[in-house]
Ligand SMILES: Nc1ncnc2c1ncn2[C@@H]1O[C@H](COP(=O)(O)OP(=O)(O)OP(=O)(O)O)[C@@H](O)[C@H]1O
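Only one chain is included here, represented as structure tokens and corresponding to the form predicted alone.
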Amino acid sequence: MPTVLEADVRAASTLPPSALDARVSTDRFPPPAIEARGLKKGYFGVQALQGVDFTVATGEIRALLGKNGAGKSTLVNILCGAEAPDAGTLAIAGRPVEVFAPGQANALGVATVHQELSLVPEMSVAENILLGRWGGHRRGGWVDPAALRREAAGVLAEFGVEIDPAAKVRSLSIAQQQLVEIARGLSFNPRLLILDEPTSSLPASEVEMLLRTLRLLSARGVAVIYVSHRMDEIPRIAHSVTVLRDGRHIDTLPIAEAPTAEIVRRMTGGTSGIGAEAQRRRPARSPGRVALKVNGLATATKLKGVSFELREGEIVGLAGLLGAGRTALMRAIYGLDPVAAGRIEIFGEAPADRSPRAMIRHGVGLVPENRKKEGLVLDMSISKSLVLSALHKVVHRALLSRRREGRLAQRATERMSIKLASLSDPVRTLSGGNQQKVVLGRCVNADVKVFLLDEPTRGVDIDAKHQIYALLEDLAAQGTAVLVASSEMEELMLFCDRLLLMKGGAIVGEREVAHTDLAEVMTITMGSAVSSTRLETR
């Protein structure tokens, strides 16, 4: 039996070829699925959106692109009712909306799948898919689990996903949880579906399944806003592309007029030479011995034969988009995640034990992406947090020397320019930037020779960012080897010597910062060129 969506596609097949694409460039439409005019939004003096106009037609799939910080997430949050704009108007299916909230958005046919998963781990798949809508599945005054499972199974089957509706979400892989999140969005039968980086954790086979489902929904008349950095997906799914930059709407183009080079040019705004400029201002560094050598490193789910070298006195950046494998590489090197194959050498020696404890002994330190969850004990004092990885320096005859602890912590505080009231205060009392400096200071106190830094400036203010940049350059000048991952590619080009370009768990390129530009780096990491390939419904 054909599914409802397949029947809709058969009906749509009676349209002339490229009819769906033709709709993008003509006015022969029903009212737009969503229409925004003059949207403005600011946070603490920073304008995230600056008068953005954005309209998506019924049945249209619109790719929403832009660098990190361009305003994509803010726009999505406003369109789905999660946030209110400071100014501007919004209309759904031609109806002006005055007060917009997530519940009202759902009632008006807007469903959103956010980048961050919002599932309840202890609940079943069915309970999550229909969360907040259990009232219609009652028997004798109680919620009927069997009825929930039946409806959820229907949603999953139409989506083509084979997941047990009775399974607890916590038992699923990250990819399966992402599919459940998407299925929950589809369960609302939306007229507008907003997807924010929906394929970031999906394997290739499930990406194809998702794209196929979106084509079917488009043929059915559902509008889709598709936020993604994966450029190879865009021509296979989108009718048109909107580019945001610095909170402004730069352009909206039919997919046939949106090759990768043109999109990247609009995304960067001609700021592609920042790496070479930074190199000219910075004193030359002379790399020394190979400090870290990685050969054929692979994990069961993410990394695919990664190989590279990192030398003393060198700062190398890992550039890649969400899901490229940057964090997985850091964690595998440091011994947090198991390795399926490959060899890691520290100054020519391959540690027999790949645990974090062994890596610390070999002079490797990690500054994790999530400092609060993985980098700090928030109720521990600032002083003890700064010496936690250097206890051998402050323990005397099996007892902690408070004098040594205080001296070592004070030196780190001064070197890192940590702003605090007292070293005895809990580290949770510090600002985000100063908490990050504590994590860095702890590694410095441990005499780390190979620094692994994952998103070291995320969530810190501009002053703290520049202080961290200066610290990394100072460490490199002293001979420390630094490997840093950041989703801000412009940031990497400010202080790195080389870039390793990652995509799909592999290194797909290597560039010296002085001899490349932002456009080239983004083009490589975002994937294959966007050509004139058109959306097909077959």
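One-based numbering along the sequence shown. Nothing here was measured: the structure is a model prediction, and the numbers come from that model. In this text, rigid core is short for the largest set of C-alphas that superpose within 1.5 Å between two forms.
The same protein has a further form, the form predicted in complex with the named molecule, not shown here; the description that follows concerns it.
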property: Heavy atom of each of 46, 115 and 434 within 4.5 Å of the named molecule in the model of the complex; result: yes
property: Partner contact for residue 197 in the model of the complex: the named molecule, 4.5 angstroms, heavy atom; result: yes
property: is_contact(residue 50, the named molecule) in the model of the complex, heavy atom dist at most 4.5 Å; result: no
property: Close approach of residue 74 to the named molecule in the model of the complex, 4.5 Å, heavy atom; result: yes
property: Residue 68 within 4.5 Å of the named molecule in the model of the complex, heavy atoms; result: yes
property: Proximity to the named molecule in the model of the complex (heavy atom, within 4.5 Å), stretch among 408 to 416, 212 to 220, 426 to 434, 340 to 348; result: 426 to 434
property: Post core alignment: residue 428 C-alpha displaced by 2 Å or more between the shown form and the other one; result: yes
property: Flag for residue 418, CA shift 2 Å or larger between the shown form and the other one after aligning core; result: yes
property: Core-aligned C-alpha movement of residue 382 between the shown form and the other one reaching 2 Å; result: yes
property: Residue pair residue 197, residue 458 - Cα distance in the model of the complex, closer or farther (3 Å or more); result: closer
property: Note on residue 86-residue 459 C-alpha separation in the model of the complex, which departs from the shown form by 3 angstroms or more; result: farther
